[in-house]
Ligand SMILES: Cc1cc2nc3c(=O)[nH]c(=O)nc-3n(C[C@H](O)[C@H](O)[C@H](O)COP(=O)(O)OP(=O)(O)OC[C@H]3O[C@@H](n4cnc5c(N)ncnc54)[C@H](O)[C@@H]3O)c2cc1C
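Heads up, the chain below is alone and in the form predicted alone; it's given as structure tokens.
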Amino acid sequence: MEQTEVLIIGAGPVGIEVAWHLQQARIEVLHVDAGSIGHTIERFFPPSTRFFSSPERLAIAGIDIPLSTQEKLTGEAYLAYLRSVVATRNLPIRTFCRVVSAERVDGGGYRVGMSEPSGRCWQVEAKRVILASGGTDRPRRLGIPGEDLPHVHTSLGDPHRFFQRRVLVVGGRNSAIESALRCWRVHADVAISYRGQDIHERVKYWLRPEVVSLVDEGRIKAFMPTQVRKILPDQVVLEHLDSGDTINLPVDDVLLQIGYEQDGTLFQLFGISTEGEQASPVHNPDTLETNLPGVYVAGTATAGTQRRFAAYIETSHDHGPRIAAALTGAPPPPVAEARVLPEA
């Protein structure tokens, strides 16, 4: 059985930055992730999707993000940056190690069980644990008949697959509008279903005007406010939320872009209390320690399932210093002011 001072679970940007701060404080760390580093970006960002935040707000571990243009970073560019940070700062991370069990041990600390894709299982004892596991673990569901049919997708992937197909995009925020635009550009017949009266006002400023124009010109069909009630092999049933009328819309593919939710399994394994509609883990905002002694949360994991993003990479840069201060007995730094960002 391995032993370590601190076990960090989650190797997204904030998890990596926390590891660097603990390294600076000369605290022994074992760092694992259930997927690759930056797994959420790799899994859920469509190709060439740009961040809303500016590059300097996304920089971590004291390493600037060099750019030859003034544009926003793509997901691919940011993953390359994360690889460079991990290699440059010498931050060893064991990827594809999933936590499957957790228990308190006598005398303090936790015994955590790990599983790897090869079938190998192992355990580690850590005096303290940091959960930097994120808040967008899986797509939200509509909870309607037909949602699991094979032509229903929750990620855009390469839009080429939708060439000359009838695609209904469900949602009216950033992910949905970007997907609708990408599909239209590869000559898909695109329709949007959204429960709001109009495309959301907080959609990225370089996307919203173009899609609004395409809707006004009739090149993209918009059904608003509507809600999908049933998905069939060759059509969807929409309900108009103002009139109650139903619309039978022929489709070849349905692309659900209604956001993501947090998987609370880790919190349940450790026995961390959650609260509120978003099931946010209970924690001390000064130290980020949860209701369990020696277990901390960091990054977007602190906010549970977010409907409006108040916890994000750029609002979590002080999490590493605050946890390091708590572990070394130093005074906590000031809490960063929250800034609400557009929803995905």
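This structure is a prediction, so every number in the text was calculated from the model and none was measured. Numbering starts at 1 and runs along the sequence shown.
The discussion below concerns the form predicted in complex with this ligand, not included here.
Colleague: Would you mind picking the one in Ile199, Ile272, Cys97, Leu214 that has a heavy atom within 4.5 Å of this ligand in the predicted bound form?
Modeller: Only one listed residue qualifies here, and that residue is Cys97.
Colleague: Work out which of Ala61, Leu292, Leu58, Ile27 lies within 4.5 Å of this ligand in the predicted bound form, going by heavy atoms.
Modeller: Filtering the options by heavy-atom distance leaves Leu58.
Colleague: Identify whether this ligand in the predicted bound form is within 4.5 Å of every residue in the set Gly171, Ala176 and Ile258, based on non-hydrogen atoms.
Modeller: Judged in the predicted bound form, none of Gly171, Ala176 and Ile258 sits within 4.5 Å of this ligand.
Colleague: Is His283 close enough to touch this ligand in the predicted bound form, meaning at least one heavy atom pair within 4.5 Å?
Modeller: No.
Colleague: Is Thr287 part of the interface with this ligand in the predicted bound form - any heavy atom within 4.5 Å?
Modeller: So Thr287 does not count as contacting this ligand.
Colleague: Indicate whether Thr40 is a 4.5 Å heavy atom neighbour of this ligand in the predicted bound form.
Modeller: Thr40: yes, in contact with this ligand in the predicted bound form.
Colleague: Please tell me whether any heavy atom belonging to Gly134 falls inside 4.5 Å of a heavy atom of this ligand, as the geometry stands in the predicted bound form.
Modeller: Residue-level check for Gly134: yes, a contact with this ligand.
Colleague: Based on heavy atom distances of at most 4.5 Å to this ligand in the predicted bound form, which listed stretch, 247-255, 189-197, 125-133, 230-238, is the contact stretch?
Modeller: The contacting stretch is 125-133.
Colleague: Considering only 42-74, what residues come within 4.5 Å of this ligand in the predicted bound form, judged by heavy atoms?
Modeller: Contacts from 42-74: Phe44, Phe45, Phe51, Phe52, Ser53, Leu58.
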